[in-house]
Every structure is written in C-alpha cells, then in structure tokens.
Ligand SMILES: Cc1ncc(C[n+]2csc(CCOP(=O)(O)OP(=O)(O)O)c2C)c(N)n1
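Taking the form predicted alone, here's one chain by itself in structure tokens.
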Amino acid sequence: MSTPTRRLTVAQALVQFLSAQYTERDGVRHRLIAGTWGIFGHGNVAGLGQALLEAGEDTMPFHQGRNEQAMVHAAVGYARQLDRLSAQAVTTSIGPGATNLVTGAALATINRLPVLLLPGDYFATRAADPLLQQLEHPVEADLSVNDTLRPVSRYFDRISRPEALIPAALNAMRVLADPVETGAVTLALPQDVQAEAYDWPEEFFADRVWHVRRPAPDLAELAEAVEAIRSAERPLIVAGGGIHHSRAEEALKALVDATGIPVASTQAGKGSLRHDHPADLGGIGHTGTAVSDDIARAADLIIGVGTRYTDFTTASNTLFQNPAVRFVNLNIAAFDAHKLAARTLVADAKSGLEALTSGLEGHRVTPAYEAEYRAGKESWERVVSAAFTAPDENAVPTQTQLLGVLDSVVGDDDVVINAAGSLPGDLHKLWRARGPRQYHLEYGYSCMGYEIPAGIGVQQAAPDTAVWSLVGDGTYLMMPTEIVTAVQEGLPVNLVLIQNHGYASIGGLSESVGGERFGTAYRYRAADGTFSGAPLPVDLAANAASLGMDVLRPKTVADLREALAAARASDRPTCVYVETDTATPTAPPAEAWWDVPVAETASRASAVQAREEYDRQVVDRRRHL
C-alpha cells in the first residue's frame, strides 16, 4: 500500500508544514509559527515568496519588513509578549539580507526567545557559481555568509536536498518550543532547492502539537532548597525573566505572601510582583534600588528564580557581600541553575515555586527583617516620587519627570518597551510596574534599534493593548524604518522620542571611566577638530512624520501630559517628541558598581583619577564558590 503524497516545492512544503505546528501548555493550544516577515531578493523571491503568495494569508500571514534586523526584533517582541508560546518566521534573500539577521539572532538567543530564520542561500547544485552576493572561500566551498548565523542560533541546518527538510523542520520546531533550548533557529535554504518539487508524505503536513513541559523539581533537590530557606535569616528572591515566561507571577506572590521573603527583580523579571506589594523591592544590581541592593549585600541566602545572573544583576560580582551568603537557583535550564555554585532546583518556575510554597508551610521570616525591608521600600518610594514629580508644570521636563508623567497616563495592561541608553537604568530603578507584561526591557543584548520594531511585534501579539516604545535620539537613528510598517499595518504604536543630542548614556559612562565623553555627542566639529561645536540641526520629529507617523511636540510638563494622553487615545501610530532638560539632575545615582575596565596607565588626569576609583571598587569582587 503506497503512502499518500503531495507534490510541492520545498518552499511550498515548508509553508504548509509551518502552518500546522502548535504549542500546548496547561491545556491551551497556540499556533507556533503565527506569521512570516519577509524582504525578498533573488535568494527567496521565487521560492518562499512564491510559496507564501500561493498559500495565502489564511494559511500563513505575511508581514512586509523594511530592514532584516528589525524584522527579527519585531518577531522577538511578538514572542516575548506571548510568553514564548507563539513565534514568527523571518525570510531574507542571500548576502546582505542574510547577514543583517545576525544581530537580531544574537538578541533572540541571548534572551532565550524563539524566532525562525529562513535566509536564502547559494545554489546547492552549483549550477550558477559564484552567484551575485555569494561569498567565495578558497578552501571551504560549502561555506556561505549564512554560516555567520551558526554561533547565534540554537539550531542550524542547510537544506541542500528536498528530503532533508523533513528532519530539519521537525528539529527546528522541537528547539523553538523547548523552554530550555529556545532561541534563534536557522534553516538556510539554497535558492534552487527552494523551488525544487518533491513528493512529500501527507503525514508531514498533519497538525502537530508540541507540548511545553512544566518539569517538577527533583524531591532531593527540593528538600535541600527548603532546608536552606528555613535555616536562612535574611533570604532574598531574585526574580528573573523565567517567571514571566512560565506565567508564574501568582505562584511567586503566593510564596511571598506565605513566607514574607522579599523580592528584587532583574530587568527581565521586573513586574513579577506589582510595585505596591510590600515585599517588592524593585530592581537589583547596578541599576537597582537602594533597598534592593542594601538587602542583597547583607543577605545570607539568594534564591534566584529564572535568572541567568548577568553582571548588572550581580554588580559585576561585588553585590552579595555577606561572608555566609549561599545560593539556591530555581531554573528550568540546568546551565543557569548551577551558576554561583548554587544548590540547584532544576524545574519550571511555576512548578518549582508551588513546590517551595508547599515545603515551606508554616515558615516565615522574622518580623524584624520584614520591618527592615519595608522601611527601606518606603524610603525608596520617596526617592521615586521626587524623581517623577515636576515642581513646575510649565517647565521643560527632565527624563525622569517624563517617566513620571508617562506613569500617570499608562494603564496597568499597557506595555512600555526599551532596550538601550540611559532609560534602562532610570526605568529599572524607578518604574512602578503594575502588571506582568507592562515592563518590557530587552537588556540581555541591550540592542539599540530594538524598541520600534519590537513595539510592532508586541502590538501584533496584543492588538487591543497600548504599546509605548521609548527611545533616545541615538537609538532612533539606528532603526526608524519599521515606522513605515506600523503605518502600513495600521498598528497604533506610540513612540516617545527623547532628543538629547547624542549618546547620552555612553557619554556619562565615558566621563566616569576617564574617556571625557569622547565621540559621544551629536555636534559639529569645533575649530580644534573635536565634536564640541553646536548641536546638529537634525529634526527627528520631522523624520518620523515623513515616514507616516502623527507627531506631537510638547514643550512643557503640562504639554507632555496632554500629548501622551492624546497618543494613547489615538488609533494611529503616534510620535511624542520631547526635548528634555539635561542640565537638572533628577535621576538617583547607581547604588552598586559595574565593572568597565579603565586604562591602567594614562597621561590625562581624568583617566588617572578614574583608575584610582576602579582600583578601589574592584577589591569588593568575590568568587562565589
């Protein structure tokens, strides 16, 4: 008896296959590949381009991009908003279209967020060799520019024969749906193979459901973790992004309500508790709050949940200073659970937190400890209020006052997106997260240019949600192109564009490490050749308007409040352009160190002084063994 087959090209078969893939968690099914972004060239126009056209929007929705990197960012924003249960694909031509994917792929993999990359590739048959845009390597003839995607992909394959698509496609879905392995997945598609026909088994196109596991903790590991927590006098939970991916926010709250253990959050974990929960201490580490960092320095047990402990979280390994400090790490990935020589609890965040709550029944931290961290929280709230509040509604707002006005306008379910510049520090310290999806910071890769395309992806995932992309002028200039896509698709993303005439964040860092803000300002050259002349006469608001956005130009705090409210009420993409007051400092200083090495020898006084400060700080670094 013959197996039923369907004759399709490789590209047509891939599109049909992707349309039938689903994830399932907790009994709820989601489409795994919900749409495909694309920019077409000779490497994919007759293959995937034709296949998407033939399949139609009902089978595979298509989104037209303007920049390949930006398409990946949009797909990443989409996947994060949907807790990694649904993702998007991105197709490009060969050559520069493919290599433009690398930055976005790195961002996806570092942040453990799924995206499927489908770049075109050279002829597998070598019938035309070399192609336009083909890299010729003198001793590795099978090497193409797509191989630059290998180190930033969690799975990579080149489909050199039609039948190779079947195992490659199945492996791609396995990785995308796996909460431990997920990240960027690349299937490089030679352009001749894309258009080649093959008799595919019908089974390949059947609906396939990928169960997203919630592994429970090992009982022995759980017992050790419970004992460590019960014996700790000053425990602190570090909430990471894994809590959001697992939708474990309620499980965290139940544990905290029962035990009184305080919570500090990483950039990815902020919002795991509402800001007004008495045990929520805000951000931790270099950009953390004073209360979080004070409690962390004295903690005798750090309970990491879904965190990978970046240098900002640990203050470059200078934060956890108690000589007796130990670590318990609850993480679905053993790689992260083992960091800092911790007792491990390798499990899903929700399952693990529920098990800990059960195992800790009747246990609670001391009243004195609760009183201490609650007093610290109240003190920090006064710092936040001072930074957010403008004494004069008719004054030009500072950046933190802008955030205060935004805080008063957004709803609990709005999404605020940022990735780079000085805003991540201000947001991590000050933002009052009122919902689990409200705070969307990409700080694994901190990629300038992420915010606008990610806003589009989030808006696609949550069409009835107000989305705010916050950018400075440096970030805006990196990647404004997807504004056109927002306009084309009728996506009412709100862009808050802050003009500060250069790379303000790196300018401040440069000054602190003896670099004297070299090369960080957007200014004309002065007579001595330095970039210290007048600010450049660029009009970024006019640029946004030229790309199709509605633009509002508030001048004062009162104007800003009105403009933000108007943007939120609009059904069109809207840019709120603000020139902030940079002369009046309102942001609280860093509460913990960050290691940026300083020149060990120099002739300029600024670098000599910075090195002296560096040598003073670095002695606090610890190796946690």
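The structure displayed is predicted, hence computed values, not measured ones. For every residue, the number given is its place in the sequence shown, counted from 1.
Not on display, but discussed next: the form predicted in complex with the ligand.
Although the partner is absent from this view, G421 contacts the ligand in the predicted bound form, with a non-hydrogen atom inside 4.5 angstroms. Not displayed here, the ligand is approached by C447 to within 4.5 Å at the level of heavy atoms in the predicted bound form.
The ligand is not shown here, and in the predicted bound form it never comes within 4.5 Å of any heavy atom of E354. Put simply, A386 is far from the ligand in the predicted bound form: not one heavy atom of it is within 4.5 Å.
Checked against the ligand in the predicted bound form, the residues L340, A433, V396, A504 give one hit for a heavy atom within 4.5 Å, which is A504.
Between the options D83, E249, D294, D473, the residue in contact with the ligand in the predicted bound form by a heavy atom within 4.5 angstroms is D473. Of the candidate stretches 413-421, 125-133, 196-204, 255-263, only 413-421 contains residues with a heavy atom within 4.5 Å of the ligand in the predicted bound form.
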